[in-house]
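Encoded as structure tokens, the following chain is the form predicted alone, with no partner shown.
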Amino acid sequence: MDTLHQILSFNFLLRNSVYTSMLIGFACPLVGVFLVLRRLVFVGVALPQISSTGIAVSLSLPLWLGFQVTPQREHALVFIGSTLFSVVAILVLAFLERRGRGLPEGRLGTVYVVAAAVSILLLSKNRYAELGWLDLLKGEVITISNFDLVLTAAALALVLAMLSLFRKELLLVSYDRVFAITLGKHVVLWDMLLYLLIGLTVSMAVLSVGPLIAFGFLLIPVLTAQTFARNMRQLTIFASLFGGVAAFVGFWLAYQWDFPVGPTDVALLGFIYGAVFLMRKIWPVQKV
């Protein structure tokens, strides 16, 4: 319990890391719901890694072009690169998915491993990696500044506001696209908005906690809640709660046992998913 008291203390040295992890834990499943609805689960696997490649490319630009950057400009540069790579990637992958070109699993698996390899190669020979970016991309949640915490909170608040404001339209075009077209909805515009929100969420998650945790919180809480949720409202609420609580407990366990936070969070999410899945098999839930 002493460890818990330390983490809950306002003077805790890594308090910003705890807050940021919980923000990501609560917010990512809300976006992940739409990936599951649209059967884009494999996109959710590849997207955080592609976003990390955007970070690696952005950090390499000063070396390639021969100019210096301040820490503030560096953060702006990686934010732009991460968001750009995420948004473009999800637009291209979703377009190919709609067109049915090629084997989705093979294509996305290739994208994932190539993006991971490129990210590590770029940062391994980059002096900017010494500032902690390489550790972040490996799943280590390092000390997060007050500015980064505020930026993450503001970006995720914007995403959640847009999801709440246009919830009915986004759910409709995700759940029943044909019916949305029949009702005269501009499905392409709603698709673009949703993909933009997904890309922004993924890029902020990767910048804050790395691709490993981003992927875990995008999908596993949603798949866990899906095993017993009776409707969309329950799916959304339970997925977000699972993510937020797992983020805090995972950080607590990692700090207590001196484990890396990223793998601890994902392992905990996997354990919860397995336990809920077994309970679902033993006590089936009748969905309505």
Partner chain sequence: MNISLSKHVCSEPFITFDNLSIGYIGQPILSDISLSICRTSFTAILGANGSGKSTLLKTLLGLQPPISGYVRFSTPDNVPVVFGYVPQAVRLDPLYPLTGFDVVLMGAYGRVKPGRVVPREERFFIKECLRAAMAEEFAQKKFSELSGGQKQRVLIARALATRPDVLVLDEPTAGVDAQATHALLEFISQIHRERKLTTLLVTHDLELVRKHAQHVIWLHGGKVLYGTTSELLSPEHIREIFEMEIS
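Since this is a predicted model, take the numbers as computed values, not measurements. Residue numbers count along the first chain shown, from 1.
Below, we refer to the form predicted together with the partner chain, which is not included among the displayed structures.
Figure note: of the listed segments 38 to 46, 256 to 264, 22 to 30, 53 to 61, the one touching the partner chain in the model of the complex, with heavy atoms no more than 4.5 Å away, is 38 to 46. The three residues Arg73, Ala116 and Ile120 each lack any heavy atom within 4.5 Å of the partner chain in the model of the complex. Distance criterion of 4.5 Å from any heavy atom to the partner chain in the model of the complex singles out Leu172 from the list Leu160, Leu172, Leu151, Leu196.
Note on contacts: among Leu165, Met192, Ile80, Val92, the single residue with a heavy atom within 4.5 Å of the partner chain in the model of the complex is Leu165. In the model of the complex, Met232 approaches the partner chain with a heavy atom inside 4.5 Å.
Under a 4.5 angstroms non-hydrogen atom cutoff, the partner chain in the model of the complex has Phe179 among its neighbouring residues. Residue contact check for Val188: none of its heavy atoms lie within 4.5 Å of the partner chain in the model of the complex.
Taking the partner from the other structure, the partner chain in the model of the complex has a heavy atom within 4.5 Å of a heavy atom of Leu183.
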